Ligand SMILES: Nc1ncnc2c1ncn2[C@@H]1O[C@H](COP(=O)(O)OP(=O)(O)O)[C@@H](O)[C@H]1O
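Have a look below at one chain only, the form predicted on its own, in C-alpha coordinates format.
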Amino acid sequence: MVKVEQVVKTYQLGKQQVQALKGVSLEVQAAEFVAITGTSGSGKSTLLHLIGCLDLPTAGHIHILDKRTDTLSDKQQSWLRNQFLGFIFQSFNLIPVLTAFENIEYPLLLQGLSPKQRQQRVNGLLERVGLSEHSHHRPDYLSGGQRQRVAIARALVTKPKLVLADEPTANLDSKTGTEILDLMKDICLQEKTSFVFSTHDPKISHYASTIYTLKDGVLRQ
(Lines give C-alpha, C1' and ligand atoms only; values in the text may rest on other atoms or scores of the structure.)
Protein backbone atom coordinates (compact mmCIF):
# COMPACT_ATOMS: atom_id res chain seq x y z
CA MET A 1 0.00 0.00 0.00
CA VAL A 2 2.76 2.45 0.99
CA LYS A 3 6.47 2.11 0.28
CA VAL A 4 9.06 4.60 1.52
CA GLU A 5 12.49 4.14 -0.04
CA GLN A 6 15.64 5.77 1.35
CA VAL A 7 13.89 9.09 1.97
CA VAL A 8 15.92 12.11 2.97
CA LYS A 9 14.42 15.43 4.00
CA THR A 10 16.62 18.50 4.41
CA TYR A 11 15.50 21.95 5.51
CA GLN A 12 17.38 25.19 5.03
CA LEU A 13 17.48 27.21 8.25
CA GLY A 14 19.34 30.41 7.58
CA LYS A 15 22.81 29.39 6.44
CA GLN A 16 22.51 25.91 7.91
CA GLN A 17 21.00 22.76 6.47
CA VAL A 18 19.11 20.51 8.88
CA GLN A 19 18.56 16.90 7.86
CA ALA A 20 15.26 15.87 9.41
CA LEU A 21 15.21 12.39 7.82
CA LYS A 22 18.26 10.36 6.88
CA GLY A 23 17.56 7.53 4.44
CA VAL A 24 14.26 6.34 5.93
CA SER A 25 12.63 3.20 4.48
CA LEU A 26 9.44 1.38 5.50
CA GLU A 27 6.41 -0.38 4.05
CA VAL A 28 2.79 -0.31 5.19
CA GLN A 29 0.46 -3.17 4.30
CA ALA A 30 -3.32 -3.19 4.07
CA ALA A 31 -5.12 -3.19 7.45
CA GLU A 32 -1.83 -2.67 9.32
CA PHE A 33 -1.56 -0.64 12.55
CA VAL A 34 1.86 1.01 12.46
CA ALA A 35 3.36 3.20 15.17
CA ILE A 36 6.35 5.50 14.80
CA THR A 37 7.79 6.38 18.20
CA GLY A 38 10.35 8.97 19.11
CA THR A 39 10.92 12.16 21.04
CA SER A 40 9.78 15.59 19.87
CA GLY A 41 11.94 16.79 17.00
CA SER A 42 12.96 13.29 15.89
CA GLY A 43 11.27 13.68 12.48
CA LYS A 44 7.98 11.85 13.08
CA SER A 45 5.70 14.63 11.82
CA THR A 46 8.00 15.25 8.85
CA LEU A 47 7.68 11.61 7.79
CA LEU A 48 3.88 11.65 8.09
CA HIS A 49 3.68 14.85 6.04
CA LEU A 50 5.77 13.25 3.30
CA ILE A 51 3.63 10.10 3.22
CA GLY A 52 0.54 12.32 3.15
CA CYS A 53 1.73 14.33 0.13
CA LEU A 54 1.85 17.50 2.20
CA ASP A 55 5.55 17.84 1.35
CA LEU A 56 8.09 16.21 -0.97
CA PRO A 57 11.33 14.42 -0.03
CA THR A 58 14.70 15.95 -0.78
CA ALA A 59 15.89 12.54 -1.96
CA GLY A 60 14.43 9.04 -2.13
CA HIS A 61 10.96 8.02 -3.20
CA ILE A 62 7.51 7.38 -1.72
CA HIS A 63 5.04 5.11 -3.52
CA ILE A 64 1.32 5.10 -2.74
CA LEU A 65 -0.92 2.75 -4.73
CA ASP A 66 2.13 2.07 -6.92
CA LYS A 67 2.35 5.77 -7.78
CA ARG A 68 5.55 7.71 -7.03
CA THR A 69 4.30 10.79 -5.23
CA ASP A 70 7.02 13.18 -6.43
CA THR A 71 5.97 12.55 -10.04
CA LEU A 72 2.33 13.54 -9.43
CA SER A 73 0.94 16.96 -10.28
CA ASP A 74 -0.60 19.15 -7.56
CA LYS A 75 -4.05 18.11 -8.81
CA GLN A 76 -3.15 14.42 -8.67
CA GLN A 77 -1.73 14.79 -5.16
CA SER A 78 -4.92 16.55 -4.03
CA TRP A 79 -7.00 13.72 -5.49
CA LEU A 80 -4.87 11.17 -3.67
CA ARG A 81 -5.26 12.99 -0.36
CA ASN A 82 -9.02 13.35 -0.79
CA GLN A 83 -9.76 9.84 -2.03
CA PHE A 84 -7.17 7.65 -0.34
CA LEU A 85 -5.83 9.37 2.77
CA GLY A 86 -7.28 10.55 6.07
CA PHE A 87 -5.48 12.86 8.51
CA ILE A 88 -5.73 13.19 12.30
CA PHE A 89 -3.75 16.16 13.56
CA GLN A 90 -2.33 16.62 17.06
CA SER A 91 -4.10 19.99 17.41
CA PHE A 92 -7.36 18.56 15.94
CA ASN A 93 -7.50 21.30 13.21
CA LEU A 94 -11.28 21.57 13.48
CA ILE A 95 -13.00 24.60 11.96
CA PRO A 96 -14.19 26.57 15.01
CA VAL A 97 -17.33 28.06 13.42
CA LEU A 98 -18.64 24.67 12.26
CA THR A 99 -20.48 22.09 14.33
CA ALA A 100 -19.19 18.57 14.86
CA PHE A 101 -21.49 17.38 12.07
CA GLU A 102 -20.30 20.10 9.69
CA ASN A 103 -16.62 19.49 10.45
CA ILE A 104 -17.02 15.80 9.63
CA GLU A 105 -19.13 16.58 6.55
CA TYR A 106 -16.67 19.04 5.04
CA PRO A 107 -14.45 16.53 3.14
CA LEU A 108 -17.57 15.04 1.55
CA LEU A 109 -18.47 18.41 0.05
CA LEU A 110 -15.18 18.25 -1.84
CA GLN A 111 -16.15 14.80 -3.12
CA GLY A 112 -19.51 16.00 -4.39
CA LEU A 113 -21.73 13.57 -2.48
CA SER A 114 -25.45 14.31 -2.32
CA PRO A 115 -26.96 15.79 0.88
CA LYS A 116 -28.62 12.47 1.68
CA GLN A 117 -25.37 10.53 1.24
CA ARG A 118 -23.48 13.04 3.38
CA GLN A 119 -26.07 12.91 6.16
CA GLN A 120 -26.10 9.11 6.27
CA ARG A 121 -22.34 8.80 6.33
CA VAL A 122 -21.77 11.55 8.92
CA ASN A 123 -24.51 10.35 11.25
CA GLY A 124 -23.14 6.82 11.04
CA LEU A 125 -19.69 7.98 12.09
CA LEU A 126 -21.03 10.23 14.84
CA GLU A 127 -22.72 7.19 16.31
CA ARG A 128 -19.57 5.10 15.84
CA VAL A 129 -17.43 7.55 17.82
CA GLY A 130 -20.11 8.12 20.45
CA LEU A 131 -20.97 11.73 19.60
CA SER A 132 -24.50 11.56 18.20
CA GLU A 133 -25.79 13.76 21.03
CA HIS A 134 -23.10 16.38 20.30
CA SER A 135 -23.54 16.66 16.53
CA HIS A 136 -24.65 20.31 16.69
CA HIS A 137 -21.96 21.44 19.14
CA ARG A 138 -19.06 23.56 17.95
CA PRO A 139 -15.49 22.62 19.02
CA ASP A 140 -15.43 25.17 21.87
CA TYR A 141 -18.24 23.23 23.56
CA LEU A 142 -16.49 19.85 23.28
CA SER A 143 -13.83 18.29 25.51
CA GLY A 144 -10.40 17.39 24.17
CA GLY A 145 -11.40 13.75 23.80
CA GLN A 146 -14.61 14.68 22.00
CA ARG A 147 -12.74 16.96 19.61
CA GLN A 148 -10.28 14.17 18.87
CA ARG A 149 -13.22 11.86 18.12
CA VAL A 150 -14.59 14.44 15.69
CA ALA A 151 -11.15 14.59 14.06
CA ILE A 152 -11.10 10.79 13.75
CA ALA A 153 -14.59 10.76 12.23
CA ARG A 154 -13.58 13.48 9.76
CA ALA A 155 -10.53 11.44 8.76
CA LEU A 156 -12.69 8.35 8.17
CA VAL A 157 -15.70 9.90 6.48
CA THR A 158 -14.23 9.62 2.98
CA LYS A 159 -13.58 5.89 3.59
CA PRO A 160 -9.80 6.18 3.17
CA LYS A 161 -7.51 3.19 2.86
CA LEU A 162 -4.85 4.87 4.99
CA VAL A 163 -5.14 7.17 8.02
CA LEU A 164 -2.16 9.23 9.19
CA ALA A 165 -2.36 10.31 12.84
CA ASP A 166 0.15 12.77 14.28
CA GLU A 167 0.40 12.31 18.07
CA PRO A 168 -3.35 11.56 18.40
CA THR A 169 -3.21 11.16 22.20
CA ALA A 170 -0.69 13.91 23.04
CA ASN A 171 -3.25 16.44 24.30
CA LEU A 172 -5.45 13.93 26.12
CA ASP A 173 -5.51 12.48 29.62
CA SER A 174 -4.53 8.84 30.06
CA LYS A 175 -8.09 7.44 30.15
CA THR A 176 -9.24 9.37 27.07
CA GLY A 177 -6.03 8.50 25.24
CA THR A 178 -6.68 4.79 25.84
CA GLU A 179 -10.25 5.16 24.54
CA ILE A 180 -8.95 6.87 21.39
CA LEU A 181 -6.40 4.10 20.78
CA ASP A 182 -9.11 1.46 21.37
CA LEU A 183 -11.33 3.18 18.81
CA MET A 184 -8.58 3.44 16.20
CA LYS A 185 -7.61 -0.22 16.67
CA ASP A 186 -11.24 -1.35 16.32
CA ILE A 187 -11.63 0.62 13.09
CA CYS A 188 -8.39 -0.87 11.76
CA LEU A 189 -9.64 -4.40 12.41
CA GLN A 190 -13.27 -3.94 11.35
CA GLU A 191 -12.89 -1.59 8.38
CA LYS A 192 -9.51 -2.92 7.18
CA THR A 193 -8.16 0.63 7.27
CA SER A 194 -4.40 1.02 7.70
CA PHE A 195 -3.17 3.43 10.36
CA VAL A 196 0.25 5.04 10.63
CA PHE A 197 0.65 7.25 13.66
CA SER A 198 3.41 9.02 15.48
CA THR A 199 3.47 8.82 19.25
CA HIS A 200 5.51 8.79 22.42
CA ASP A 201 2.68 7.12 24.35
CA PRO A 202 4.08 4.07 26.23
CA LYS A 203 0.74 2.24 25.86
CA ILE A 204 1.37 1.81 22.15
CA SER A 205 3.03 -1.60 22.53
CA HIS A 206 -0.41 -3.06 23.35
CA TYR A 207 -1.93 -1.82 20.08
CA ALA A 208 0.47 -1.60 17.17
CA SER A 209 1.22 -4.54 14.89
CA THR A 210 4.49 -2.89 13.83
CA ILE A 211 6.53 -0.37 15.85
CA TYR A 212 9.33 1.79 14.49
CA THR A 213 11.59 4.11 16.44
CA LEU A 214 12.77 7.35 14.85
CA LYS A 215 15.79 9.00 16.42
CA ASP A 216 17.77 11.88 14.91
CA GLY A 217 16.19 11.23 11.52
CA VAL A 218 17.07 7.51 11.47
CA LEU A 219 14.29 4.88 11.50
CA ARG A 220 14.72 1.48 13.16
CA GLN A 221 12.28 -1.35 13.84
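Heads up: residue numbers just count along the shown sequence, starting at 1. Predicted, not measured: the structure shown is a model, and the values here were computed from it.
If you look for the form predicted together with this ligand, you will not find it shown, but the lines that follow are about it.
This ligand in the predicted bound form comes within 4.5 Å of no heavy atom belonging to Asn171. Using a 4.5 angstroms threshold between heavy atoms, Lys44 counts as touching this ligand in the predicted bound form. In the predicted bound form, this ligand sits within 4.5 Å of a heavy atom belonging to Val18. The closest non-hydrogen atom of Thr39 lies within 4.5 Å of this ligand in the predicted bound form.
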